Each structure stands twice: as C-alpha cells, then as structure tokens.
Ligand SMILES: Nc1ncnc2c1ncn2[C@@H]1O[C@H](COP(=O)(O)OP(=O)(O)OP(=O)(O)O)[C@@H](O)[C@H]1O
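The chain below stands alone and is given in structure tokens; this is the form predicted on its own.
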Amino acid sequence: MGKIYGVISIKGGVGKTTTVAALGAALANDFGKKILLVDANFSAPNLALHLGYVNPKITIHHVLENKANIKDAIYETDYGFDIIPGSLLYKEVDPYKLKDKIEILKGEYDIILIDSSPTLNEEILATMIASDMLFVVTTPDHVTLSATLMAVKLARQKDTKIGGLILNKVYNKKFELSLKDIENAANCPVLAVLPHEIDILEALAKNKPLTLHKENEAAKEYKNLAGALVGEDYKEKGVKGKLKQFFRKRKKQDMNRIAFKMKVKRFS
C-alpha cells in the first residue's frame, strides 16, 4: 500500500504548492516512484495552474459532489506524475469526504501528496484526517513561525503524525530565525532548508516543477528530501557532483533526514 502525505501551512505564500510539485517530480523522476498529487485547497486551488492546466474538465470538486469517479479526475502530466486538480469556479463541497475518496488509490501509487488549504478551516482539517503523515512548510520569520506552531498543535490534536518541517525561502541573514530556534519552538525536526532562488520564480513562470527546471541548491535539497520520504539516498549525477556531495559537510537537516530514512526503512 502507498502512503498519503499531506503538505500543510496555515499561511499563504510560504511555497507549499511549489514544494508539492517539486517533491512530486523528484520522487517520480529521480526515484522512479508512481506519484499522485491532489489539490485539496478547495477554496482556491492552484496546483494545476502551477503545471499549466487551466481548465480541467473533471476535478476533485466533481468527485466530492459524487458527480464523477475519482479515477476519471486523474490526469497524467508531462512531468512523470499524475494529478487530481481542483475547479477554479467551484461549489461548496464536503471536504471530509476526501479521505474516503483517495483511500482507494493507495494501492495504485507509491506516494500520494496532498496540497492543502493554507487557512485554518475544514479544508486543512480534511487533509490532516486523510494523511498518514504531515509535513509543514514554514519560513524563518516570527509571523510564519506562529502559524506553524498552530499547525503543528492542531495536527497533534488530530493524532496525525508530523514527519517534519520544510524551511523555505531562506536568505541566510542574521535577522532570520535559526534552524535551532524553529526546531525548539515547534518540537519538530527540520528536514529541508531551501534557499530563496530566482530560479524558483522562473520555473513557476514556465509551469514546470523546480526539480525538473534547474539543478540548483534548492532543487538538490528537494531531491534529498524526496529520497528521505522513500528511505533512499539522492545521488548527484556526474563525477564532479558526486565528489562535491561526498565531501560536503553534513548540516543539521542532513542528520534529521538520515534519522527519518531509518524510520521509513523500519516501517516499510
């Protein structure tokens, strides 16, 4: 059976949807996994827009309204993974049907990634209930950290496992919160630290996941995180890349990923 991983945040603009697309592409192309992305941001779905799908005919909204079979809402992309998009013009749906609808797909995919709503409402609760494990996207500032702490607290109240934090849009400036401060406040490990790079915006403009757009530091970090999710190591291509990876000093997030991989292997 495959795993359902929810990617959440209780604040818009932190890069949650970008993260879902980048991880999906890395899992499919670098690790050969069968991957499905689901847009569960029912009020403002934009995962499909990130990938260049403007007006899909059948969406998760039709499925939740019992107007379509969920398998008819699955679209094969050019990026190696499948997607269930949302409707830009939508009617209100019952988000709590999400778990039952996607549960039947666990036998067909290695990993299902859910892109949740960035608002504290029934939609994000539905993602928490439907997921085997959650990953919280945050940025290194006090405002986002407060929202992150709320998300972590809520997930624990719903008894959903939290795999770790994904620290995004990092400039490595003194005014930013440190990885240690964030981990201590959330009582949760940071599994990836993603530098803020202009290539991310360029990939978005081209409707392409970052991990397929350019082999920059952020893309490598996403690939390392993808490897951790499946209990494998990401190996850079080429002699130069492999040497650089071998001699690179391990950081705190590297050690956290090693510990996470051990858990994945133990329970797989």
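Quick note: we count residues from 1 along the sequence shown, nothing fancier. Please read these numbers as outputs of a predicted model, since none were measured by experiment.
What follows is about the form predicted together with the named molecule, which we do not show.
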Is it the case in the predicted bound form that Gly52, Thr77 and Leu212 each bring at least one heavy atom within 4.5 Å of the named molecule? no
Within 4.5 Å of the named molecule in the predicted bound form by heavy atoms, the stretch out of 164 to 172, 80 to 88, 143 to 151, 125 to 133 is 164 to 172
With the partner left out of view, is Ile200 within 4.5 angstroms of the named molecule in the predicted bound form by any non-hydrogen atom? yes
Should Val14 be counted as a contact of the named molecule in the predicted bound form, where contact means heavy atoms within 4.5 Å? yes
With a cut-off of 4.5 Å between heavy atoms, is Pro118 one of the residues that contacts the named molecule in the predicted bound form? yes
Should Thr18 be counted as a contact of the named molecule in the predicted bound form, where contact means heavy atoms within 4.5 Å? yes
Between His196, Lys71, Lys158, Lys99, only one gets a heavy atom within 4.5 angstroms of the named molecule in the predicted bound form; which residue is that? His196
Stretch 25 to 43: residues contacting the named molecule in the predicted bound form, 4.5 Å heavy atom cut-off: Asn41
